[in-house]
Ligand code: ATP
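Heads up, the chain below is alone and in the form predicted on its own; it's given as structure tokens.
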């Protein structure tokens, strides 16, 4: 039976992954704190993303931009004028709700991207009423999602908490290119906090008011917008595809190789195809099943105004198929807007062409850390009836603790002393923990429930031959390993060798 999002939330709280923020004061909707296990998992996700997108590539550099910027940044980007969601307000009791969520819940109808007039028409034609008092709604209105703040003591010095990380990348574009001398095509990556004043946060971590993004803008010369030198690496990669046309015709998603998707022009550009495969492979390499991921193309009315084409990598969450990562082709919209509003030249000198060009953002892989967190935990959650406990089968690279060290029994000083020696010898290289409380079976169960890939037990045989037992979380199989070889064995195990 499929895990519900409420069950997942309870599990995460119980095990110290996620706490409702300021719960002792009643909490606050859309805000969460990461507990001892949660912060380790979250940091591992970010580290793996950074390694794959920045450290392992020669064509991507990183920045860490400010959360609060000059408010003109958000005027130029269009956020001040149009970063809104439709809101429904009851004419009697004044309660407010997000229009698209309300309609989706009541009518099972997708209203993403619909203008206010159409939303009002749907509400009236279906006679939708306030969920609290049953009265009629006022006409839907736009609600800007940016959090405002004052900078300094002066009145009127209003700025905003950034609603996305992308704009800082565009504002810093010229400085990055001048200081790194990186050549097109290239990407600029960033991991950082973003804030959206969501009308109705819901589904646990899926839609929060404070969240983190792992995001990259990938720039190419305008005449190379459909010429990707890396596309051959992914032509035979297969994924589940749901194009806009397939959705319009009510067709199910279809397994398709990248080669076929390009040949049939289902995916418009080589760059989009390459990065969709790259991101899909990244999730897959860390444990997400191919059956639980698909790529879905946005309808024209659903796309952002600046986007040439947009695809989402979707995950089959407990509440259905929803966006895990968005990937838009933003063309030269953002750089052009910031040049227009700032009066500064953000073009790029192309040495081959001996001319300045305004690069195009052919893809913008934009990923919420929280949604990745949710997907990885949901995928790993396994209610093992034979063991009688939850087994959290996180990929070893993501597991909060890489191993646990136990003495077989805790009332034998010679075992405890030897186990402490083993523990201290490997702790400098691995994030591990010590546990000598309760039966060995209970300690194994605790480790399983928090995703520990390997348990190392010091027993009486250890005192004879300097070997320990290493138990695999996923299979429960045990091996004897020499203490002198334990670091290498654990490294190979964690790398799945």
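Positions refer to the first chain, counted from 1. All of these numbers come straight from a predicted model, not from anything done at the bench.
The same protein also exists as the form predicted in complex with the ligand; that form is not shown, yet it is the one meant from here on.
Only one segment in the set 393-401, 246-254, 413-421, 364-372 has residues whose heavy atoms sit within 4.5 Å of the ligand in the predicted complex; it is 364-372.
Only one of the listed residues (360, 272, 196, 294) places a non-hydrogen atom within 4.5 angstroms of the ligand in the predicted complex, and that residue is 196.
Shown without its partner, this chain lists 282, 206, 147, 143 as candidates; in the predicted complex, only 206 has a non-hydrogen atom within 4.5 angstroms of the ligand.
Interface residue remark: residue 325 is counted as part of the site for the ligand in the predicted complex, having a heavy atom within 4.5 Å.
Contact annotation for residue 315: none of its heavy atoms lies within 4.5 Å of the ligand in the predicted complex. Although the partner is absent here, residue 336 is not a contact residue: none of its heavy atoms lies within 4.5 angstroms of the ligand in the predicted complex. For residue 160, no non-hydrogen atom is located within 4.5 Å of the ligand in the predicted complex, even though that partner is not displayed.
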